[in-house]
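In the block that follows, a single chain appears as structure tokens, in the form predicted alone.
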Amino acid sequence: MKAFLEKKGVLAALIAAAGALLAIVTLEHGPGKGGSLLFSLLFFIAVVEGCIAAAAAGAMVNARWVGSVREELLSVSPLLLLLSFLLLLLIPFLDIYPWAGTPGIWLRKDFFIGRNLAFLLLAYVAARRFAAAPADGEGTKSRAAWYLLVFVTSQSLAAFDLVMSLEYPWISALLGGYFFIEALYGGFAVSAILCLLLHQRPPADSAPGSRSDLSDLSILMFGFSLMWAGLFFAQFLTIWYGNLPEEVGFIARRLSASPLRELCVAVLFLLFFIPFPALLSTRAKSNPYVVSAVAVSILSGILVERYVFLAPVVRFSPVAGAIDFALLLLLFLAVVYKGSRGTATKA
């Protein structure tokens, strides 16, 4: 299987085949298939764009850890083309959005798909330009900054358009920032897992008190757990203190019945109450088992939260959802493996 993946053109063929299969599964008539695709799309847009954003953010500040996982993080950029294609598959299902029956200037089907597609493609172009630049060469930081600018806009649009407008006229100015911070949080979690898989554990000959790439990534995950909790609390405080009917309804629908109520609590634990105490100590930040558990917790939290956002208003097909998610996950693993082999060949 590994030798098969390393053959020229195999990865592009696999992405094309997966796109065709996803189209067949989604467009075949059946209830809930559009919702299942939207769920997988939201999760993988965050993870793929977050991985590249983590590499770009590291390049901007000359972070040492970026050198050990840069190629693997940037190898996922071709998936942005596939995600752009999957966005087009949502066109027949846009009637699930309440504004579809009475379109306005901003919320109408052609503009809705057009602007989200444009920013996904822009993210792909910006990511490829950033990946083509030498790791520490001239122009790398400016290309990283351009990618981050597109990333922030693309994630904000995903939050406002794909999620928030599902419950129109629910309005939250904070949701865009919440989404791109969460995607970057997920990107650091993937970076930590890659660091562990590629380099196993921190070098044994490190000087006492020195930091490894893994501990640097742990510090980032620890800091972002606090930032995520701050954004969550700011949103919750505004809704609770302002007692805004249109925003209270969004929370109430998700806390009034099981299992969404329990899943909301799980999101808090997966994204804050597990990462924060687990990474408090210096020793834990270099422990491969603790760091890998925290990284998996963060990615699981983002996945569960995407479901909680959609579940009250979107129908799901379990079979179509499992196929969509499994195919995208396998492709993600395949492109990262291919990227790691490219790094090994250069070395």
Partner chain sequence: MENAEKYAKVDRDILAAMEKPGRLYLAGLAVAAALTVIGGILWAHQIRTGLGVAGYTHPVNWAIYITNFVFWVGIAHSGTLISAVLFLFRARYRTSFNRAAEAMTVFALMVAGMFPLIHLGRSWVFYYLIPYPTQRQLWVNFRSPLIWDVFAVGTYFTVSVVFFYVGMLPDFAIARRCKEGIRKKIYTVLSLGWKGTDREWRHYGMLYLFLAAFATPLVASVHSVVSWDFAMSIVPGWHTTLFAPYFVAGAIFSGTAMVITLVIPLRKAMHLHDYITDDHFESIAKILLFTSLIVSYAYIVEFGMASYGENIFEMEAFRYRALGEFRYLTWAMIFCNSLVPLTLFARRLRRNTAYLLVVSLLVNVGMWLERFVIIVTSLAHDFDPYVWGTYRPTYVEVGISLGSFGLFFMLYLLFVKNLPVLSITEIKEHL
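What you see is a predicted model, and the numbers here were worked out from it, not measured in a lab. Positions refer to the first chain, counted from 1.
Not pictured, yet referred to below: the form predicted together with the partner chain.
Peer 1: Indicate whether the partner chain has at least one heavy atom within 4.5 Å of a heavy atom of residue 231 in the model of the complex.
Peer 2: Yes, residue 231 sits close enough to the partner chain in the model of the complex that at least one of its heavy atoms falls within 4.5 Å.
Peer 1: Going by a heavy atom distance of 4.5 Å, is residue 173 a contact of the partner chain in the model of the complex?
Peer 2: It does: once the partner chain is placed as it appears in the model of the complex, residue 173 has a heavy atom within 4.5 Å of it.
Peer 1: State yes or no: in the model of the complex, is some non-hydrogen atom of residue 247 no more than 4.5 angstroms from a non-hydrogen atom of the partner chain?
Peer 2: Taking the distances in the model of the complex, the answer for residue 247 is yes, it comes within 4.5 Å of the partner chain.
Peer 1: Within 4.5 Å, heavy atoms only: does residue 237 come near the partner chain in the model of the complex?
Peer 2: Yes.
Peer 1: Taking a heavy atom within 4.5 Å as contact, would all three of 152, 160 and 164 count as contacting the partner chain in the model of the complex?
Peer 2: Every residue of the candidate spot has a heavy atom within 4.5 Å of the partner chain in the model of the complex.
Peer 1: Any idea which of 105-113, 266-274, 87-95, 185-193 reaches within 4.5 Å of the partner chain in the model of the complex, heavy atoms considered?
Peer 2: Selected stretch: 105-113.
Peer 1: Taking 4.5 Å between heavy atoms as the contact cutoff, choose which of 101, 259, 139, 242 touches the partner chain in the model of the complex.
Peer 2: Only one listed residue qualifies here, and that residue is 242.
Peer 1: Heavy atom within 4.5 Å of the partner chain in the model of the complex: which residues of 275-305 qualify?
Peer 2: Nothing in this stretch is in contact.
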